[in-house]
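In the form predicted alone, a lone chain appears below as structure tokens.
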């Protein structure tokens, strides 16, 4: 097998795929790529299955020495990557020669960048997924973020190199949003009309304490009809909980699978990838959509991701 040597790990670099669905009743959240759309795009550029394991880098990327020739693609936010000092094309398939070093810098836009390599990264699956679950220390590469000196194994190439690029129109349509579309949460009727109006009219700032478990938001607190407690129940990715202090938390890929805060809304599936590109101090707001619209937007997104016109060769 081919190998990649980690010369510098970056701020937080982990092995991720599309996560492990279906284990919430056992208390295991899915983990997986924070921006699954970017992972799928990168894997398609290098002729991998869309869920092949890749590297997710957060805010500051790493430096990687390729022991053998490889075909790679960088997607998600532009981190100003270089190969032996020369700029590396973003959202395109690129050929890396044996002994070359890929250096991924700091973000120029969103929060996360994905390094996809043809063949995919080889790690031992946990509950059917190669994704790293940092909270529990399971999956991925030894259940943790990468460190200097780590050596990653890559499966052999599965197709010849072809220069492939994401079509500009598709990139624009799939770009992350700062206006997050939501459907009403199961406890939305716990909030009086003035509170609901304030929630949808307000601007919120992503707090520094945000991570893969959830995004804490700063802004105008939201009042409930009653300050009483609710029975803990199952929660989903994208659920917008209102804490006792009135501030929202958006549950994310390594969320707790149950929670006792009232959920005022839920980010629609088509916008979940946008959560993965939010940085501390980014400002967002919420827009309510109907259930049918939420389904239609997801269908449109999936149709675009499966389209032959997505890639320019």
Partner chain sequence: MLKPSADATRFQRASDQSLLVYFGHQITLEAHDRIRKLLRLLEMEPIAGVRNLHPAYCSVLIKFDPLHRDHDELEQILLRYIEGLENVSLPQPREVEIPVCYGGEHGPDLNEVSAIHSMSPEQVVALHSSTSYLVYFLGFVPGFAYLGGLPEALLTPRLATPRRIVPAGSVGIAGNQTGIYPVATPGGWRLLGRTPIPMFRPDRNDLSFLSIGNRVRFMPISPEKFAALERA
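Positions refer to the first chain, counted from 1. From a predicted model like this one, the values you see are computed outputs, not experimental measurements.
If you look for the form predicted in complex with its partner chain, you will not find it shown, but the lines that follow are about it.
The shortest heavy atom separation between residue 305 and its partner chain in the predicted complex exceeds 4.5 Å.
Not displayed here, its partner chain is kept clear of residue 84 by more than 4.5 Å at the level of heavy atoms in the predicted complex.
When its partner chain is considered in the predicted complex, residue 175 lies well away from it, no heavy atom lying within 4.5 Å. At a distance threshold of 4.5 angstroms between non-hydrogen atoms, residue 184 is in contact with its partner chain in the predicted complex. With the partner omitted here, the stretch from 58-66, 41-49, 241-249, 255-263 that lies within 4.5 Å of its partner chain by heavy atoms in the predicted complex is 255-263. Relative to its partner chain in the predicted complex, residues 136, 231 and 295 are all within 4.5 Å by at least one heavy atom. Contact with its partner chain in the predicted complex, defined as a heavy atom within 4.5 Å, holds for exactly one of 152, 180, 237, 104, namely 237. Shown without its partner, this chain lists 37, 70, 28, 284 as candidates; in the predicted complex, only 28 has a non-hydrogen atom within 4.5 angstroms of its partner chain.
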